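Have a look below at one chain only, the form predicted alone, in structure tokens format.
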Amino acid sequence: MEAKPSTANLVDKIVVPGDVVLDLSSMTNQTIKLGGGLRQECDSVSVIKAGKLRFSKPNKYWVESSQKRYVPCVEDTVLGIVVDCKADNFFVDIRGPTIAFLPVLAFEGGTRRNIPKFEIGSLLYVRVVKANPGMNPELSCTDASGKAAEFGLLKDGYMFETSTGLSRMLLSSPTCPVLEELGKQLSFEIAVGLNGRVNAESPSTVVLVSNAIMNSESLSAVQQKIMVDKLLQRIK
């Protein structure tokens, strides 16, 4: 009888729908967090979309793939665009299957007396707190402890869209080569959402920064460095 590969052997490997990656019956007294691309069925966790199985300490697993459509997952940080405002909620486009909603009280110290005002089209950095199939995702502008942290309105910068795979690469540790090379020569700030949206802020080189990021997805680390060098030579 062929032995099943262990979870440790599957991490960073290609998995396809139907693959069983976790046996929960052998993981008693452990709390496991499942990200996108995985589904629990009784005591097993199986893959529902093709990609690479990823793991982050202490206990989160997900399947990383590059796609245009974003599937919301709890604890994802995303960039959303306000599309409507009601008495109790802001409705926000996060590139998912359905519009998400952001309760007007989902802010640090939020009360009915200090409800924020956002115009249609405002860009927000938010956290997904509920993402159940068939329901509109719920968002928050606070971290798990109720603090505003980095969440909220992004007033400046240039927003562009990428694949979800590229956005995860930009958020990876250590710093991905394209951002590392750009940071050696330029001063800029970026906010990256796991939904494939990036907001770049740079005094005079925002177009160069955004082009370098968008061109980097299919390049190796060495190729990314060469590409950035060529772009920087054009402005010297």
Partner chain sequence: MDTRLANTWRLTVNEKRFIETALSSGIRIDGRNPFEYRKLSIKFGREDGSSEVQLGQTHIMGFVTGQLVQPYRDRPNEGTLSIFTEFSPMADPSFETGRPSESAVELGRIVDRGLRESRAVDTESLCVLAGKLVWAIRIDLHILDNGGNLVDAANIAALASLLTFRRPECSLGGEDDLEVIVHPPEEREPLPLIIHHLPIAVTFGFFSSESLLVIDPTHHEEAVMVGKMTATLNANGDVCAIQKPGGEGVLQSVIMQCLRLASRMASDITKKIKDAVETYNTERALRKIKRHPTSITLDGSVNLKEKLNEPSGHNVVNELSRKHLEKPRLASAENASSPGNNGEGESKSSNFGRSSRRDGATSNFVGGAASWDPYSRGVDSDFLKASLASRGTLTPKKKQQDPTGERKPNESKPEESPGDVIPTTSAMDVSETGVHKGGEKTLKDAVKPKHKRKKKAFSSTADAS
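Positions refer to the first chain, counted from 1. Bear in mind that the values here come from a model prediction, so they are computed numbers and not experimental data.
The same protein also has a form predicted together with its partner chain, omitted here; what follows describes it.
Of the candidates Leu105, Ala144, Ile99, Ala148, Ile99 is the one whose heavy atoms come within 4.5 Å of its partner chain in the predicted bound form; the others do not. When you look in the predicted bound form, the only residue of Thr77, Ser140, Asn89, Asn136 with a non-hydrogen atom within 4.5 Å of its partner chain is Asn136. Although the partner is absent here, Arg69 lies within 4.5 Å of its partner chain in the predicted bound form, judged by heavy atoms. Interface residue remark: Lys155 is counted as part of the site for its partner chain in the predicted bound form, having a heavy atom within 4.5 Å. For the chain shown alone, Val206 is a contact residue for its partner chain in the predicted bound form, at least one non-hydrogen atom being within 4.5 angstroms.
Of the heavy atoms in Met159, some are within 4.5 Å of its partner chain in the predicted bound form.
The partner is not shown here, but in the predicted bound form the stretch 54-93 reaches within 4.5 angstroms of its partner chain through a heavy atom at Arg69, Ile81, Val83, Asp93.
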